[in-house]
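Shown here is one chain on its own, the form predicted on its own, set out as structure tokens.
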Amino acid sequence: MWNYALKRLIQGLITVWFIATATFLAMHAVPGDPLSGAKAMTPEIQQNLEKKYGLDKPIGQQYLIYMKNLAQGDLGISFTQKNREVNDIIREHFPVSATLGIMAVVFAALGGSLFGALTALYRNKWPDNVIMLAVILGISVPSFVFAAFSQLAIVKLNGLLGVSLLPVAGWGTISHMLLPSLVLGLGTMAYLTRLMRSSMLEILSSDYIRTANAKGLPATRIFARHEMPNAILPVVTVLGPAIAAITTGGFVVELVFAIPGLGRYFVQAVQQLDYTVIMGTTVFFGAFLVLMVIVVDLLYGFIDPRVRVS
């Protein structure tokens, strides 16, 4: 098990290196200069940044400096936010994105598991048809469309009732988190519902379920002890990448709901061609995704005793 964990860790480091290298090359292939024009606040700042990161040197030397700083945990200084390091931006704003993402993951996991099980138990009946129609909409419609329509619906509902049930934007309280986390988790919930449905249908036709039914065990006990724990394993497998994707992928949702998360700064960095913020957040997001995949791989053997890694 330790050899497998070490192997996955080395593979993860190689993946993060590839992400960092690809991001570096992509940013230097984009036309423009991050220190030109209004972005160069003073000649002194521009000179200091060029000296620190070697922007006036050949691209090969710039890459070596970039990787050296990255290995030391230094993601650089923002070109557009004066005297603000990328590490500080991530430290201050990633917890907001993580909080929103965790709530969205909880909603998606619970809803996907429950609705997927229901569609399998009521296969080809009206609950199955209704839920699968909602699943198709959840997968097909982008999250920013749901965000806009949900804000409009809340505004109309608040106006009809004369009270503010939920705020449509902002951050700070649980009520501010409910609507954006619901919107952010819809796509993942729809995907998990389909996955859970397929897994549950396979479990329902297995021999040990037929044996349990033949013994006369209560349906609730069969569902809770045999069907649900085995059917949920594929959901657990994809839950790690889903957590990383939701936690770091709510860029548009954060903009629509005016949430001060890390995704909002990433979008601003792209618009302003802030090289260090773009590369730093991309590497951070990539490393977080790789870490979650490794954690799920290692936990899978503990969740399912039948799985053994060699």
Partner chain sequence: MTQTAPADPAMMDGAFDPLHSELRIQALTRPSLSYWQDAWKRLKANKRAILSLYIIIAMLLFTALGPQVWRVNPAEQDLLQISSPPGADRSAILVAPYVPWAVEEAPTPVTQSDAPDGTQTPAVVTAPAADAGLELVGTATTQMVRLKWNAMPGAADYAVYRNIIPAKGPGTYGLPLGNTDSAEVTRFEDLLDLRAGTTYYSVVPVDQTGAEMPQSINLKVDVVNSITMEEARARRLLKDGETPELGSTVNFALHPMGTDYLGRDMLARLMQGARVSLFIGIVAPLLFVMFGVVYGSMAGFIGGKVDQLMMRFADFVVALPFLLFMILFKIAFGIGPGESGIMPLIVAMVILLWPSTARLVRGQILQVREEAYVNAARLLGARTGYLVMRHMIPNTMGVILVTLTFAIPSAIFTEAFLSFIGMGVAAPTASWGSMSNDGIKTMLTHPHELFFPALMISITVLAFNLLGDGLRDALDAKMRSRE
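Positions refer to the first chain, counted from 1. Predicted, not measured: the structure shown is a model, and the values here were computed from it.
The form predicted together with the partner chain exists for this protein as well; it is not shown, and the discussion that follows is about that form.
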property	result
Contact flag, residue 197 vs the partner chain in the model of the complex, heavy atom cut 4.5 Å	yes
4.5 Å heavy atom contact, residue 127 and the partner chain in the model of the complex	no
Heavy atom of residue 251 within 4.5 Å of the partner chain in the model of the complex	yes
4.5 angstroms heavy atom contact with the partner chain in the model of the complex for residue 92	no
Contact residue in the model of the complex, from 152, 163, 169, 106 (heavy atom within 4.5 Å of the partner chain)	152
Contacting member of 236, 118, 139, 96, with respect to the partner chain in the model of the complex [4.5 Å, heavy atom]	139
Site check 201, 282 and 286: each within 4.5 Å of the partner chain in the model of the complex by heavy atom	yes
Heavy atom contact within 4.5 Å of the partner chain in the model of the complex, the stretch among 67 to 75, 189 to 197, 108 to 116, 171 to 179	189 to 197
In the model of the complex, residues of 260 to 274 near the partner chain [heavy atom within 4.5 Å]	266, 267, 270, 271, 273
